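Shown here is one chain on its own, the form predicted on its own, set out as structure tokens.
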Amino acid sequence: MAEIKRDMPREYHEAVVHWQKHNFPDYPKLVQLWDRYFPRDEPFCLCAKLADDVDPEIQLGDRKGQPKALSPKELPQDAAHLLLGQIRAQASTEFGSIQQHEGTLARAADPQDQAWVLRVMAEELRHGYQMVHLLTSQDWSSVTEQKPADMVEEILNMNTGSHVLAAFNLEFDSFTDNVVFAALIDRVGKYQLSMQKVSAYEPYAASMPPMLKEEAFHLAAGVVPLRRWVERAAKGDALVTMEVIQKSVVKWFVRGLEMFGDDRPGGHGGDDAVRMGLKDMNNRQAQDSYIAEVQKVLDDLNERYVRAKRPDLSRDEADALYAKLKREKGSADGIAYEDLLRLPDRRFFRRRGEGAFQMYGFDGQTFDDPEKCIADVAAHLPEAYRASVDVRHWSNMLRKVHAGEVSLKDAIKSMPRLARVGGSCPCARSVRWVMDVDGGGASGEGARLHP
């Protein structure tokens, strides 16, 4: 895949660099570590990358066979509006994940794991840069009154608690979150990028292949450490347990499901994007595939756990033992089904989509008492997360919905707001992120866009 690399105009490039200095201070370490951990890969580039071999024709939907749009004004109005929302949401996720990772990056027990996550963060920064490039390289005035500088400022001022998607508004509790997030939430990102590589907007479609190439490493940064961890847990390492991993899996899997949007069975969530040629699957189809893929990841981890737990068995015998445990959900040969990694029912602990604020348990059982449902949810979540405002908000809304005090519609609209006053940058009150270029040069990092 041949790639074209592009830089943004200086003022926007420097805006992203300014954001990096305040939100991702560990970024310079990557240069020091690159040759040690990634000697065969080309050096990191903070730039936009575009594939130069995308299909020039729309591949599906109502306008299939027509030329892809090269500017927003060439798209139907409704498609351009939806596309703009996709780009903004994607940008929010990229910058948001860096803010989450940064908080616990230093807690890694293994230097390689830390270096891998550091690379993930840098590539997320590049992906955010890529989205800002899409917002600033074309005229969006046909679908929004916001100026490019204002759109960029809005995105760069988001913080954990004010991002578009709920998964990026959760604080990490430990480095376990860094790893499980990469394995599960970045996997949702892979699905979104894969669906959007057919986009009827050619610059967006051309952005997807380079991002997908990098996303593959992000998944490895999650799965590879987990493979080591489950084997250590099987051997009795007191510092790594299946219970800790399991609870982190539940925390992120549930929020990951909601990233697909409206997933109600029989619904039409995402159908408009398919009809407009912006995606190749609707929400439910993509989510079904995601659940099946995550289950395969857990199957692989569980098989590795059983093999390490029972080294006296051949590989085939150990895999057969796991299959029996999964099928019968009991205990055999010193291993219990509850010792293994499991996915909750897709309706469990939901705030959006199917099962939102309904009383479904981990295994899909139903409750008639909110307190029993809350207790079941709490039992499957990490201790630090149980004490968070996020879980408190969900439990309060569940009680109010089932007491008739709040409508389900209003509960779904509600969201705990954790945004810090003044934005994510310490100097956000005096800097509008995008520097004003006057007379051919920027006046410095603290320059203002407007007087």
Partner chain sequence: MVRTARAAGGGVMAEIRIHPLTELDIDGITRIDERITGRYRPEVWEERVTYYIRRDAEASQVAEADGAVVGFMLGEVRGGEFGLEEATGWLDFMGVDPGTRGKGVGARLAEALLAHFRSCGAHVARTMVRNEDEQILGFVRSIGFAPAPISSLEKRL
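Here the structure is a predicted model, which is why all the values come from computation and not from measurement. Numbering follows the first chain given and starts at 1.
Not pictured, yet referred to below: the form predicted in complex with the partner chain.
Participant: Since the partner isn't included here, can you check whether the partner chain sits close to all of E258, R346 and E383 in the model of the complex (heavy atom within 4.5 Å for each)?
Facilitator: No: no residue has a heavy atom within 4.5 Å of the partner.
Participant: Which one, 171-179, 249-257, 223-231, 89-97, holds residues whose non-hydrogen atoms are within 4.5 Å of the partner chain in the model of the complex?
Facilitator: This holds for exactly one stretch, 223-231.
Participant: Go through D368, E145, D312, D316 and name the one with a heavy atom inside 4.5 Å of the partner chain in the model of the complex.
Facilitator: None of the other options qualify; the answer is D316.
Participant: Considering the partner chain in the model of the complex, which of F44, Y27, F38, W394 comes within 4.5 Å of it through any heavy atom?
Facilitator: Filtering the options by heavy-atom distance leaves F38.
Participant: Classify L219 as contacting or not contacting the partner chain in the model of the complex by the rule of any non-hydrogen atom within 4.5 angstroms, answering yes or no.
Facilitator: Close contact exists here: in the model of the complex, L219 approaches the partner chain to within 4.5 Å, heavy atoms only.
Participant: Tell me, yes or no, whether H163 is in contact with the partner chain in the model of the complex, where a contact means a heavy atom of each within 4.5 Å.
Facilitator: Heavy-atom contact with the partner chain at 4.5 Å: absent for H163.
Participant: Quick one: is L105 in contact with the partner chain in the model of the complex, heavy atoms, 4.5 Å cut-off?
Facilitator: No, L105 sits far enough from the partner chain in the model of the complex that none of its heavy atoms falls within 4.5 Å.
Participant: Taking the shortest heavy atom distance, is K213 within 4.5 Å of the partner chain in the model of the complex?
Facilitator: Flag for K213 set to yes.
Participant: In sequence order, which positions of 264-300 have a non-hydrogen atom within 4.5 Å of the partner chain in the model of the complex?
Facilitator: Heavy-atom contacts within 4.5 Å come from E293, K296, V297, D300.
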